[in-house]
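In structure tokens, the next block holds one chain alone, the form predicted alone.
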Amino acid sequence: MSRPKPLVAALAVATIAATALSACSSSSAKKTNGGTGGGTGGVFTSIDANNKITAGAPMNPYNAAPNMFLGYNIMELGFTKNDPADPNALLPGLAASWTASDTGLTIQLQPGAKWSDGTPVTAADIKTSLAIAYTQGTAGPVAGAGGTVVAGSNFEVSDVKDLGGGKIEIDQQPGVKNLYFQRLVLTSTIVNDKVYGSQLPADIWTQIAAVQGTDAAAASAASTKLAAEGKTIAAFAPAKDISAGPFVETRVNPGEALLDRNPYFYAASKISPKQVILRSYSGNQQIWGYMNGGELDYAPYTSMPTNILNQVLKAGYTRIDAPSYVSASIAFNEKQAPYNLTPVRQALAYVIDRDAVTKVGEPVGGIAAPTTTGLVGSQSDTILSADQKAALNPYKPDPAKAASLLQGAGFTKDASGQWHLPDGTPWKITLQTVNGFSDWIAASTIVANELTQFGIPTTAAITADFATYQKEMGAGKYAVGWWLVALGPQTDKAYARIYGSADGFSVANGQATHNDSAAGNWEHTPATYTVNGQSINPGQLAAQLSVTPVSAQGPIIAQLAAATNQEVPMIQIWNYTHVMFTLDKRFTNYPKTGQDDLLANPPGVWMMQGYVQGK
């Protein structure tokens, strides 16, 4: 995934990467959270971290900047728990239950599931929504035409059948076995067929069949058509919001979006707020201002210094922590000397004091990374054996070791204490970061100080925005810069962040190919490493994770962790914590630390389960 939106550093990351540790079904929540509901709780005010309000944007979830909000008026069949042990684990959404089989999935819609116009949610809505997914690139194809696909980021649905009584069969393309088919289908956005169906051509499922077929030319032509139709869908502007969620959007202006409680929502009795207001924001400071004024009932994570945390807590907010499978790192372009040398990257790892950097860069939501493995520490700890963990180099600050490594690589130090490259050139580093990424910027000053004191004059440079940063990094303009890694909890995704497209690897059917000249390859690590006397292909190992059940991934992860720790293609600096804040002033009964399955989702999903009741 991409870096979270810059003005709310680590916010989207935390949402995506939170982990589920406890099971929570709608029925269990009802037993413990049977609030009065029914819209008696007043106005709930928050911000949407992942989706800022965009003036003039349509109420269309497929638009690039939609004025639509997950869990409030965007609905899914199920909501992720982000459970690393079971990536298919979900909370109920529009589907009350589901049964997976080798050929697909059978779901049972929530009894009484209706749209905000009072009409029922039907199989036609599900079928239209899954067809639209093909036009948006979130469904297949995941391999060449007719290929036997074992896994992928996209799902392959071949048909949707109405079995009656709210039961719907969703068939997976014959010959395809995607380990995550259940999760990918259930977390698809569900829209109203009466609103969106007319935007699709009558032969949409014929096109889908063609793109899944064995005729490569027909598949290519169908794929082109689907992509063009996807643009039409994304630009569509419905006249009004028709929502199957707990709220329906009734007004949007540049300052806020107003959503009213949907009286037809299947669990309307659990929904306490009569309205939700989602505020616009320009940056972290504005969000902090809202909180200091007690204006937000819930605030997602914003990167903040300790003094701001204290102000927020003093204003009456309660901090809630949940796991986050994201790590901030310093990455290298190994095509630019001297970062192609393993001893250089190892030496820098010995120079940078991760504890000191984290205390300044991410004092509230950061935990100094115990070492570099490609996964956050809490995840690698559950996978690696004691011996495997003991074999990892923690790279504790040790200037003497760093100096020894550099000297062994031919570097020299002059009388002033500055290090020189083997060719005699004075070594200087420019550490690239991004405007608005307050944690990276603050951390860069500490890293620069540490490296400069060691004898490598280092300056921090700031790119104007994240889009430019990604573009320029992809073009190979930066030798050293910040990057997010360990984007789990799905381990293949985590390692693909290092050994994926940014490193010249492409994956199909669990097989990786490497092209050092591929567009977007800015890491330029070698295609193979030698680790513990064995040659390994990290891109292929990462690809294997995508086709390997979680229970069998341990040996693969052990190799990747050892290789990443030895070669240090990136230095993990800190692991994020998903920190949220709630205000127990107008509403109460929020999920608490430990309820990680709920906390992986926005408050609208909490409300569906009976949480967030008016006082």
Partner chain sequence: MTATVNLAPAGLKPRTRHPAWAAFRRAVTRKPGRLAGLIIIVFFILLAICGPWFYGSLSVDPNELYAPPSAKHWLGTDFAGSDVLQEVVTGARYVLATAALSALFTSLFGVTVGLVAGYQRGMTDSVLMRLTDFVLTIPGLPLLIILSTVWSFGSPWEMGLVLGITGWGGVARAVRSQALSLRERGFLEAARGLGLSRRHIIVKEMLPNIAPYAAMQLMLSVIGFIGAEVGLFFLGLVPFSSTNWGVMLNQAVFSGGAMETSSALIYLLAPLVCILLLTLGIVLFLDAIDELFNPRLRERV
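Every value quoted in this text rests on a predicted model; they were computed, and no experiment measured them. Positions refer to the first chain, counted from 1.
Another form, the form predicted together with the partner chain, is not on view; read the next lines as being about it.
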(message) Please tell me which of Q199, N449, N537, S280 lies within 4.5 Å of the partner chain in the model of the complex, judged by heavy atoms.
(response) N449
(request) Answer with one of D398, D516, D465, D203: the residue that has a non-hydrogen atom within 4.5 Å of the partner chain in the model of the complex. (result) D465
(request) Counting only non-hydrogen atoms, choose the one of 301-309, 85-93, 326-334, 258-266 that falls within 4.5 Å of the partner chain in the model of the complex. (result) 301-309
(request) May I ask you to check whether A461 falls inside a 4.5 Å heavy atom distance of the partner chain in the model of the complex? (result) yes
(message) Although the partner isn't part of this model, could you tell me whether N393 comes within 4.5 Å of the partner chain in the model of the complex, counting any heavy atom of the residue?
(response) no
(request) Could you confirm whether Q418 comes within 4.5 Å of the partner chain in the model of the complex, counting heavy atoms only? (result) no
(message) Just checking whether A210 would be counted as a contact of the partner chain in the model of the complex - the rule being heavy atoms within 4.5 angstroms.
(response) no
(message) Check for me whether the partner chain, as it appears in the model of the complex, comes within 4.5 angstroms of all of Y62, A124 and T189 - heavy atoms only.
(response) no
(request) Could you run down 415-452 and flag each residue that has a heavy atom within 4.5 Å of the partner chain in the model of the complex? (result) N435, S438, I441, A442, T445, I446, N449
